[in-house]
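Coming up is one lone chain in structure tokens, specifically the form predicted on its own.
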Amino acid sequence: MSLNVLAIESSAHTLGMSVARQSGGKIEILSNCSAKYPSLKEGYIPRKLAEFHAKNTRALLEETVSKAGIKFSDLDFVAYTRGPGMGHCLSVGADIARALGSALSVPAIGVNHALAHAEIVRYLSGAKDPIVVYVSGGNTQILCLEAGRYHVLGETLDMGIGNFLDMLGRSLSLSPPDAVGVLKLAAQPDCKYVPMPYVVKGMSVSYSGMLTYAQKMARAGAARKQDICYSAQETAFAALCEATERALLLKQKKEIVLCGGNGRNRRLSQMLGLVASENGARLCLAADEYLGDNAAMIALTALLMAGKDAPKKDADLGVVQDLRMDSEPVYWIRKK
């Protein structure tokens, strides 16, 4: 018996849709499509993001099902991002799932966006019992599996590492004005390191002080933009690596799962790779397609949640903007 699910991801700037199939205990991603709102200096305005998602729904839905090579009637249930995320955007995804489920007479269920980031990398990399480093726009957490759920060992005390880099990129008027702009300047060969505030408290980190310091430095012309970007990125990643190494040694794990949109940053994966290798552990990654916000992670996690049988009825079809990864039971993982 096989199960087919169509999933919708709409937590922030990306509207994603994916079809995945579970058969014989294996999960196959049949399609993974997206439409992304452009990165602008004004940042992401929830109302505009929601309008963008609604406008692109029909075309993306048709593309996703067509690429999967199935018919709508082949779907056994629908999944969507329940949270965390921006309320306007989450509501669009919930509405799509509700309407689609009703039209096809199949159940709809909500999936934890943060949990899905961890689960797709864990599943695709074959990790069994990892330390999870979750780095996205609004989230920066270090977690491990204990007693049937992910527990937070450390996290940001103020802003996510992605938001820190995005805000730095906008304040420096980079192109693009976000973390990608910072990455591009930081990769220039003539960059020089300038000291930045470095805050690690136990296994938690803080970035707001470094952002303020970097912005003041830029306004005063105290350093070149590329030096500020390079130094801020190196310092932010070093703090995260120190906290991760403490977690790795405390819990005596042999795997590090790097997930979330900022996991695509090659410098961060390089630094965490060194942490892993120096401690006899393995850094577990997935393709970039599955690190940023994407619907495949929602589809895969929905199938893990469902097990062998499709849900019999709708779950709570609401949204929760501040949903946390450690709030969800992970009953499908059996540690040996």
Partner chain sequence: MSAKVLSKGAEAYLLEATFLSRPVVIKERRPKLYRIIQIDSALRRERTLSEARLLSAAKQAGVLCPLVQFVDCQRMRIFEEKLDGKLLSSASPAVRSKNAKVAGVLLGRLHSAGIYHGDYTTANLMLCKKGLYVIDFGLSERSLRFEDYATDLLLYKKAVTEKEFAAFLSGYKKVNPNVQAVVRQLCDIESRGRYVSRSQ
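Quick caveat, the model's predicted, so the values are computed rather than measured. Residue numbers count along the first chain shown, from 1.
Although it is not shown, the form predicted together with its partner chain is what the next lines describe.
Novice: Considering non-hydrogen atoms and a 4.5 Å limit, does its partner chain approach Tyr230 in the predicted bound form?
Specialist: So Tyr230 counts as contacting its partner chain.
Novice: Please tell me whether any heavy atom belonging to Arg98 falls inside 4.5 Å of a heavy atom of its partner chain, as the geometry stands in the predicted bound form.
Specialist: Residue-level check for Arg98: no, no contact with its partner chain.
Novice: Does Asp316 reach its partner chain in the predicted bound form, with heavy atoms at most 4.5 Å apart?
Specialist: Heavy-atom contact with its partner chain at 4.5 Å: absent for Asp316.
Novice: Taking any heavy atom pair closer than or equal to 4.5 Å as contact, tell me whether Asp129 reaches its partner chain in the predicted bound form.
Specialist: Contact check for Asp129: no, nothing within 4.5 Å of its partner chain in the predicted bound form.
Novice: Heavy atoms within 4.5 Å of its partner chain in the predicted bound form: which stretch in 70-78, 190-198, 104-112, 89-97 meets that?
Specialist: Correct option: 190-198.
Novice: What is the one choice in Arg282, Lys41, Lys48, Arg267 with a heavy atom within 4.5 Å of its partner chain in the predicted bound form?
Specialist: By the 4.5 Å criterion, the partner-contacting residue is Arg267.
Novice: Though its partner chain is not shown, can you say which of Ala54, Ala35, Leu61, Leu274 has a heavy atom within 4.5 Å of it in the predicted bound form?
Specialist: Only one option qualifies, and that one is Leu274.
Novice: Within 302-324, which residues have a heavy atom closer than or equal to 4.5 Å from its partner chain in the predicted bound form?
Specialist: If the 4.5 Å heavy-atom criterion is applied to its partner chain in the predicted bound form, 302-324 yields Gln321, Asp322, Leu323, Arg324.
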